[in-house]
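Single chain ahead, by itself, as structure tokens, in the form predicted alone.
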Amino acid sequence: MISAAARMFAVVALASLLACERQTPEYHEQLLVFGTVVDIKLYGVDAKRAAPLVAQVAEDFQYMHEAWHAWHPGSLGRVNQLLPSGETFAVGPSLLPLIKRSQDLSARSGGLFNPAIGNLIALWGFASDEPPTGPPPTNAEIRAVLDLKPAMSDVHLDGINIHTDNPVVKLDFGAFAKGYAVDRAIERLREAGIADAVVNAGGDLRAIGRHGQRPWRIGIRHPRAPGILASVEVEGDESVFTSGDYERYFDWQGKRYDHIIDPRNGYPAEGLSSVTVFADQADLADAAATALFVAGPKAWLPVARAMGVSGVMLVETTGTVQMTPGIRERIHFEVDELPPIIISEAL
């Protein structure tokens, strides 16, 4: 039996611990960039130290957004104007690592993550600040692009120079740039000595360290209802990114057409409502979420293994949830009625 003195010591210790946590500073700021709200939290850092760091991150994000935008004037816009010429030209230094990293991830995905299909994305109306309303492009319009098989392997780099022999290659890093930017933000914070932080870009995030005495706790959006479907705790260094058919889409004659285009057939991918990927780096998680969404509910596992992610949770359009064993052990569903769950093989 626990003595009264021991119980009193435990209460005092717990109170001291909670008081200590309450006194620990936490800096929180929101930015509007990449077409979404970017939420940055730094734990154990006061405002005097945190504010200048977050201001630097905000400046970096704004520069990336302008330079990497596929249809606004900027570095990437210039590249896309010049690529169809077949000529060799110099590319801006901020784009070089982005292109190289996307080529690596595209190859690992078997081409399911393919930033070279910008012309297909534009055909569907998703290369615009305004949401598309339809109608869908014709099959002939799609085939005119698809028959030339645009791929990241068509993009050739030589130092700072770039060219392609494929006239339909148009680069759109919308399925990847946000993750790449989050990684750069975490790098900047770490270089400044920040050990505990979250950079959350519209629900897609990378977290390092812990939130004091507990892990960071994050929510995963429900693809068909308000609020979150599930929550999970993350600590150490982990990225969690979700792609879904609810993000950008239009309905035409009773059918939903989402913004995630299958580079194999030129049409929006079908079969899944959302894909959540866990990985060490945000750019990997971002690209893999798109690749697995394209792979679909029956073929995603080999792609996840090839890309090297650490965990996956998918929601089929039927409502069935598939997930890897390690994620099932960590996930907590936040809905009144559990969906049908299928546990996959381990990665």
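These numbers were taken from a predicted model, which means no experiment stands behind them. Just count from 1 along the sequence shown to find any residue number.
Quick note: we don't show the form predicted together with ligand ADP, though the next part is all about it.
Contact assignment for ligand ADP in the model of the complex, among W124, W216, Y180, F113, heavy atom within 4.5 Å: Only one listed residue qualifies here, and that residue is F113.
Option touching ligand ADP, based on a heavy atom within 4.5 Å in the model of the complex, out of L98, I117, L189, L105: By the 4.5 Å criterion, the partner-contacting residue is I117.
Location of ligand ADP contact in the model of the complex, chosen stretch of 155-163, 235-243, 80-88, 191-199 [non-hydrogen atom, 4.5 Å]: So the stretch in question is 235-243.
Every residue of I260, P263 and D286 near ligand ADP in the model of the complex, heavy atom within 4.5 Å: Yes, the whole trio is in contact, each within 4.5 Å by some heavy atom.
Contact label in the model of the complex: L76 to ligand ADP, heavy atom within 4.5 Å: Looking in the model of the complex, residue contacts with ligand ADP do not include L76, since no heavy atom lies within 4.5 Å.
In the model of the complex, P132 touching ligand ADP (heavy atom, 4.5 Å): No.
L229: touches ligand ADP in the model of the complex, heavy atom cutoff 4.5 angstroms: No - in the model of the complex, heavy atoms of L229 and ligand ADP never come within 4.5 Å of each other.
E247, heavy atom within 4.5 angstroms of ligand ADP in the model of the complex: The answer is yes: E247 has a heavy atom within 4.5 Å of ligand ADP.
In the model of the complex: members of 169-185 within 4.5 Å of ligand ADP, any heavy atom: Residues within 4.5 Å: D172, G174, A175, K178.
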